[in-house]
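Below sits a lone chain in structure tokens, taken as the form predicted alone.
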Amino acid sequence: MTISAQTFASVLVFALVVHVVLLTCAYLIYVERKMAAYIQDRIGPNRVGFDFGLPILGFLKGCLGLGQSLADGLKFLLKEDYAPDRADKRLFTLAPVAIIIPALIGFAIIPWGGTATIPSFSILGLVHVTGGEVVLAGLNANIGIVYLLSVASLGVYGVTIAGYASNNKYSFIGGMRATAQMVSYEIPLGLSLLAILLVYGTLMPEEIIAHQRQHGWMVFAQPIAAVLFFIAILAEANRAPFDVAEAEQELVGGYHTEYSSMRFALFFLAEYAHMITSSAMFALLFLGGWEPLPFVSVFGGGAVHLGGGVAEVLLAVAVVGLKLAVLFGKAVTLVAFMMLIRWTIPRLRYDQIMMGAWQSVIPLALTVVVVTAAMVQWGRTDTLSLILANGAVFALMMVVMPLMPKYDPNRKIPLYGSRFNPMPGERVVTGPTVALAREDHPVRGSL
């Protein structure tokens, strides 16, 4: 059997990255628990190590609590897998699968290691690989970024199915909330992406990184689009302050209230996998991909050669590994920033989230797209011109927003005869009438 070098590289990269993502998800949960503990003046996980109760492994006891993720995984595996009697069993089982699969295939188009040249070789004399230049990604598709948008939009089905199939009113409300929220915030997500793709002029991730290598990171040229994109990916991943679909104070657990065991764990894995994928996407689009410094090309744009002598191969592998480490490091840093947001900003109300999308975020995203299209039409796509255009958009927003109609959900409803809406001729007195009660220093005033 003969396969192309790209097929071989895609299978290898996908198999490697999916395991890296799963392992990272496990320890991102540990990182979030420690970060929450530090913010709340606690310690967090610090007891479970890797000694497994064996004296010979006593030196691994504790280990800063790094064994907590393994213990949590074993707990989920060993817990009872419960399903409500009146739940739709097929859809109830399908929902975790429907949410984890898009989370684990979305990163396929991200070129983690750039491009490389692979010589022809055979594997055990059974599989012959035709050499050539390859993109070190799980999928080298000419649709590029459109693939990631399409896959990311599928995650809402898992949430909606889970809320419907559980036969629980809290789960159903959580699913409805998630559906409305994702539909709303996919609009600014696509618009902010369109604003930068107009500048890039391509959908291919490799060419997007090459553009930033020459002209600087897009976060400096399009800061408003970057902020809108980050807000949208927070909402798409149901992360705080947009986690109203699983608001514990209102909906018990939201769409996964009735789930337990590994089916419940899949929802958590999907959330963190979405965070990694969306953060890697943000790093690709706005932070120069695997280039560690803005306005400086460290790795260059050429393909590394994975053939020749041993020293040449080791050097090429080291370069690929450094590119992957830089891009993955940016993604993990952004995930840590999402965690910081969760534990410092309170959850928004559902009506605030929806009104914020339709009254603020979407109009601002539309304005950015129109201004960017005008700049592209005039041929002014250099960084300085785009920064000035973003400054003009921000100034316009500061002028227009105070003039927009205000929505006050906490307004007092007039109730005839109440103290806020008294009857004609009635004098409402709400304060105390006894002089001693009105005294700031009652003891001193009574002497």
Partner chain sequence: MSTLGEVNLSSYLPLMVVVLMAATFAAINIVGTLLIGPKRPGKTKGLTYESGMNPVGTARKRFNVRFYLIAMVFLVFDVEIVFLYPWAATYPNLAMSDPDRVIWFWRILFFLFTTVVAYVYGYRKGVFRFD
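Residue numbers count along the first chain shown, from 1. Keep in mind that this is a model prediction, so the values were computed, not measured.
Keep in mind the form predicted in complex with its partner chain is missing from the figure; the text below concerns it.
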query: S122, Q214, T202, T333 - the one with a heavy atom within 4.5 Å of its partner chain in the predicted complex; finding: T202
query: Its partner chain: the contacting residue among L78, A318, L340, A71 in the predicted complex [heavy atom, 4.5 Å]; finding: L78
query: Full three-residue contact with its partner chain in the predicted complex, heavy atom 4.5 Å, for L22, I105 and M176; finding: yes
query: 4.5 Å heavy atom contact, E258 and its partner chain in the predicted complex; finding: yes
query: Its partner chain contact at Y82 in the predicted complex, heavy atom, 4.5 Å; finding: yes
query: E206: touches its partner chain in the predicted complex, heavy atom cutoff 4.5 angstroms; finding: no
query: Distance check, G155 to its partner chain in the predicted complex, heavy atom within 4.5 Å; finding: no
query: Region of this chain that lies against its partner chain in the predicted complex, out of 369-377, 321-329, 292-300, 111-119 [heavy atom, 4.5 Å]; finding: 369-377
query: Contact set, 142-165 vs its partner chain in the predicted complex - heavy atom within 4.5 angstroms; finding: N142, I143, V146, Y147, L149, Y164, A165
